[in-house]
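Presented as structure tokens, the chain that follows is alone, the form predicted on its own.
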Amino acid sequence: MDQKLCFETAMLAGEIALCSGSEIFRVEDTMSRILSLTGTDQVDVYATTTGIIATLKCTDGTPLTGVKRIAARSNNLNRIYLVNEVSRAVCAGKISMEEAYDRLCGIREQKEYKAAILNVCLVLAVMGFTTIFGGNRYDFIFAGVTGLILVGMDLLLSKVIYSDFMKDLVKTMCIAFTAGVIGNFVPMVHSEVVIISTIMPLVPGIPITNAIRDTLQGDYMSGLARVAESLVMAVGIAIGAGVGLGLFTLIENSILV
């Protein structure tokens, strides 16, 4: 077996899984299983939320070491599933290592849905959350407005701001301010329901869950890192909502005076 190709395949599988929001123990287990196909017993894999380090000692005694920096992460459970399927297939001998590498390259490059479809689904999700939080039909309708603002801000801020903390802060600030204005002119609208419904897609639910799972698996560094990441996101959302409502209240009081 081409040990270099096996090593590159394992690194690619780990990169895709980690970029897609996989747990640390799953990344390390997947890579270790692929690397074990080389027939050597000296395999070391170490992964954190921001990088992967792997070492493989070849049969001729030459070590192969790779480091992969993970700068951006998202939540894509389907990609994690596809990587697991490729890993199981190659470990079971159903596909060759070359085919596994090609499949992983395809998984990394594929775009499952168009941006327009994702944006429409985001707006519909925001509107749907109002029914969960006890909103009325006016809340449902105007949540679509704040949902569109969320989509527009996301498209705009992705080009000018690179910090997730600042993105969440600015987005929630605009959402809270807009909801306050809507609630002021349309008394039937519950602005608090609209705000909560709109920021729900920003809440870091999956990172918090993965933080707990990583900690229970003994990956304390990664678990704490994910907890810190989730807290930073939550603080950004809270500050943005508070600033937006405070700004609206300040302007409203100034106008009344």
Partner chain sequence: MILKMIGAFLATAALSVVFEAPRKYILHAGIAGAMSWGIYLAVMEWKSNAVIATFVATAILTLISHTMAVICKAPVTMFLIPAVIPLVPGAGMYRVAYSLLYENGPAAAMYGYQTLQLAGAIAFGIFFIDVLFRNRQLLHRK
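Please read all numbers here as calculations on a predicted model, not as lab measurements. Numbering follows the first chain given and starts at 1.
Here the subject shifts to the form predicted in complex with the partner chain, a form of this protein not shown in this document.
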Subject >> Answer range among 163-171, 98-106, 85-93, 141-149 for contact with the partner chain, defined in the predicted bound form as heavy atoms within 4.5 Å >> reply: 85-93
Original post:
With the partner chain left out of view, which of L156, V186, A71, C121 would have a heavy atom within 4.5 Å of it in the predicted bound form?
Top reply: C121
**OP:** Report whether the minimum heavy atom distance between E15 and the partner chain in the predicted bound form is within 4.5 Å.
**Re:** no
**OP:** May I ask you to state whether N210 is within 4.5 Å of the partner chain in the predicted bound form, using heavy atom distances?
**Re:** yes
Original post:
Quick one: does F129 come within 4.5 Å of the partner chain in the predicted bound form, counting heavy atoms only?
Top reply: yes
**OP:** With heavy atoms only and a cut-off of 4.5 Å, decide whether Q217 touches the partner chain in the predicted bound form.
**Re:** yes
Subject >> Residues in 52-90 close to the partner chain in the predicted bound form, defined by a heavy atom within 4.5 Å, in order >> reply: N75, N76, L77, N78, I80, Y81, N84, E85, R88
